[in-house]
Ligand code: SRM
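Let's start with one chain on its own, the form predicted alone, as structure tokens.
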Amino acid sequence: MSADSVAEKPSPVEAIKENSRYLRGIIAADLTTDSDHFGEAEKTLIKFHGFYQQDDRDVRKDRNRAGEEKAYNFMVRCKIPGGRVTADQYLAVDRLADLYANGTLRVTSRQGFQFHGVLKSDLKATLRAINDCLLTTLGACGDVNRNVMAPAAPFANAIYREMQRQADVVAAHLAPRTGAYHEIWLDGEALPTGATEPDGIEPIYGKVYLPRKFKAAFATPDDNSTDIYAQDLSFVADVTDGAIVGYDLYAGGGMGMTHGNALTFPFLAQAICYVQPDQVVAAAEATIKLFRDHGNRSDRKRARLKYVLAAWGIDKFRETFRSYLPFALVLPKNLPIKEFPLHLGWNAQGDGRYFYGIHIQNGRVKDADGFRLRSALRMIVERFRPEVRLTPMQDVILAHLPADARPTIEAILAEHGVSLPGALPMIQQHSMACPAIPTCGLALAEAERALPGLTQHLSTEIDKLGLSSEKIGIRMTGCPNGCVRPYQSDIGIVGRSGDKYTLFVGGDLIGSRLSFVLKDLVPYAEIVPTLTHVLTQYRDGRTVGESFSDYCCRTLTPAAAH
């Protein structure tokens, strides 16, 4: 039963899932047609298989005027727990970007890779090739657990290694069990016509899977780079004498909202209980099952775990959660979250080797106009064979490097027009944007293509104000769904319509506080002047050691005292 007070008719998506024969639908048959896109039901089901149907919005109007169909293409997403790929895997996905996509790779804010511009006729070859290099797209999208995040830094200590291991274990345990994926994309044995898999094939999800998506992460108090407050489920490591002795379990975070709909809102995860290391998988399954049984299946705008927690309150949530656990519920320790490191530049791992963190603006790995980041990364990976790790800030870490690799790496980056991390403005280092237009069908405004110019202009104003050393984060999305978590950032810019945006301020770098609206319906050209005015006030009115976000909360909102 939903946490909402009135039971309503299930949304049409619920019927699509229930009648899909565990995510099969007619996808296989549809692949044999000449059509360049899927019908409505299959458009829902393919998300579970790891890709979205989109179209090129830059040409949509012209094609419509010419009486032509949309220019359909697909975004394909890899699910990579903890963002770890081998050198061979990286080089394989790099080749696929040319073979089947638009010549670019995109690092997501959940530590995965995305391909854009894949044609329907190339989907099977693309997914086959991804699986051939021992990656997968299954469950990267859809109403299931998505990619499980973990701090990406390859420190050679038991803490980071254990979080990565747990991320792998949880991801495997919560993966869909249906045979549909292998059957359709990997030439697995098909079920006889009309047959269905037994109802017990999905012991965690059941026939209708979850009400909506579910996101999980691991972190430590000193490394919250995974933004635990924004996740449906998070485990914060309790560290004693260099080892993890348990975790605070957080639940109910989520950033999505809808403009003008007060029933939707961003919400920070709350500490629910404390679990032992050997209880992590059972606790993750219990959280999923609670959401499965009590999430809203009528209104997909409110079909997230955060609305269950918000409606019930933490006491009722804990009491209900207790019934799903195979062990006694222990109250959380409320471990303090202290840091949000970027892990950029040259760093010692602790085992005699090093890692190099490279900033990827908005996660887009590409070659363009003298800036040849993709070629530079390929050359470095081919030469040094590092493990590659994708960070939650859409950056790339090259791991397990020899001590003498730094000069060569930095020379390669410079030769390809790539700025070294230390030369980048602080606000760019802490910036993120979602893809938005032209690929995302939900986008109301630009984001990825708009943020670089905005950060360049804003960093110039910040330099003039003498604030260049301040760590100020900025995140921009093309719609209010908040995929790069703008409602926790110092500055959040959310697409409203056309070239207008809602400006948010007051979040913080560690993600523990929601921002508030500074100004609505701000034209793109007025964003920097509006923010510069507030930054000027900050420079002139801050107290000693006061951060920009703390200043905004103290002076710009009556809620600051709380």
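These figures come from a predicted structure and were not determined experimentally. In this text, residue numbers run from 1 along the sequence as written.
Note that the form predicted together with this ligand isn't included here; everything after this is about it.
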Among 496-504, 516-524, 49-57, 25-33, the stretch whose residues bring a heavy atom within 4.5 Å of this ligand in the model of the complex is 49-57
Of V236, I491, M255, V396, which one comes within 4.5 Å of this ligand in the model of the complex, counting heavy atoms only? M255
Of H343, H359, H430, R77, the one that lies within 4.5 Å of this ligand in the model of the complex (heavy atoms): R77
Using heavy atoms and a 4.5 Å limit, would one call T439 a contact residue for this ligand in the model of the complex? yes
Partner proximity in the model of the complex: P277 to this ligand, non-hydrogen atom cutoff 4.5 Å: no
Residue-level question: is T108 within 4.5 Å of this ligand in the model of the complex, judged on heavy atoms? yes
At the 4.5 Å heavy atom threshold, is P332 in contact with this ligand in the model of the complex? no
Scan 148-165 and note down the residues that get a heavy atom within 4.5 Å of this ligand in the model of the complex; none is a fine answer too. M149
